[in-house]
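Only one chain is included here, represented as structure tokens and corresponding to the form predicted on its own.
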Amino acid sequence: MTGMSGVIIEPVTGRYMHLEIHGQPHRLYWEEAGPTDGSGIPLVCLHTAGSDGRQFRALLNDGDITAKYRVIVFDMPWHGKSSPPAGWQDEEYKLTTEKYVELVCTVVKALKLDRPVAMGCSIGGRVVLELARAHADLFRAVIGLQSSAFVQHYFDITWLHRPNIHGGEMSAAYCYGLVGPEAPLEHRWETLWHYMQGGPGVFKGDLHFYSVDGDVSGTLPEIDTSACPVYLLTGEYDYSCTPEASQLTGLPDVSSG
């Protein structure tokens, strides 16, 4: 960070790219930090359901990480600073495995990244398993944070998009219980604020992938960890994905804490 007269400027740049995703033109926002001359390993970070890339703000500012990695964080369409495509008002947002995988691969190819590491949390942690299975040639490794092959249906997602309920506050209420009790209040409430700002029906649409469409348990045996290593890091306070759920994937390099 650079200081000028008490002002701190973070070493993070934010830009927009115009590209076609799912056959539609999009304006996608992304941020990055670290070497851009090819000397750093690209690290593509995937945010959670209903939030955006601000979740990786600390990683983007971690000098030990950015000394070795080119950290890239993008807001999925409909999230953060990435608007929905034209005509969004006539469709229901619903994330699927096919669409999610296509999105990540499209961004990687658009930025011409050389075999990046993909790291995702929650829904991002789920999709990296499919990336390792179907696109081992494109990624040198994947890291799943709160990652498992499927999730138990422990709540009714229809409550996340109703005219008589504030969807953002409901999303934050769901996520409040997933935060560890020792998390600093400042960081807890900043994270919850990001969920509160989600667009109508977006969190619900993401959870369609997470709890309905995105069960990859049947294809896990197809993952070749010698071609694309898989690392799972799971904390104990997030009951949506317990350490035991990650261990049930049967993949190596699982740790909890």
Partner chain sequence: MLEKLQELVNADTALVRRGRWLTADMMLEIGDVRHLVKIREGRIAEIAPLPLLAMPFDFAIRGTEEAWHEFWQPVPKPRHHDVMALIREGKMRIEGDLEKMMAHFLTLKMMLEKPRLAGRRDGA
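Treat the numbers as computed from the prediction; the structure is a model and nothing was measured. Residue numbers count along the first chain shown, from 1.
Not pictured, yet referred to below: the form predicted together with the partner chain.
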{"property": "Proximity of residue 176 to the partner chain in the predicted bound form, heavy atoms at 4.5 Å", "result": "yes"}
{"property": "Heavy atom of residue 87 within 4.5 Å of the partner chain in the predicted bound form", "result": "no"}
{"property": "4.5 Å heavy atom contact, residue 91 and the partner chain in the predicted bound form", "result": "no"}
{"property": "Residue 172, heavy atom within 4.5 angstroms of the partner chain in the predicted bound form", "result": "yes"}
{"property": "The partner chain in the predicted bound form reached by all of 159, 181 and 240, non-hydrogen atom within 4.5 Å", "result": "yes"}
{"property": "Residue stretch of 95 to 103, 160 to 168, 72 to 80, 130 to 138 approaching the partner chain in the predicted bound form, non-hydrogen atom distance within 4.5 Å", "result": "160 to 168"}
{"property": "Partner-contacting position among 220, 41, 59, 196 - heavy atom within 4.5 Å of the partner chain in the predicted bound form", "result": "196"}
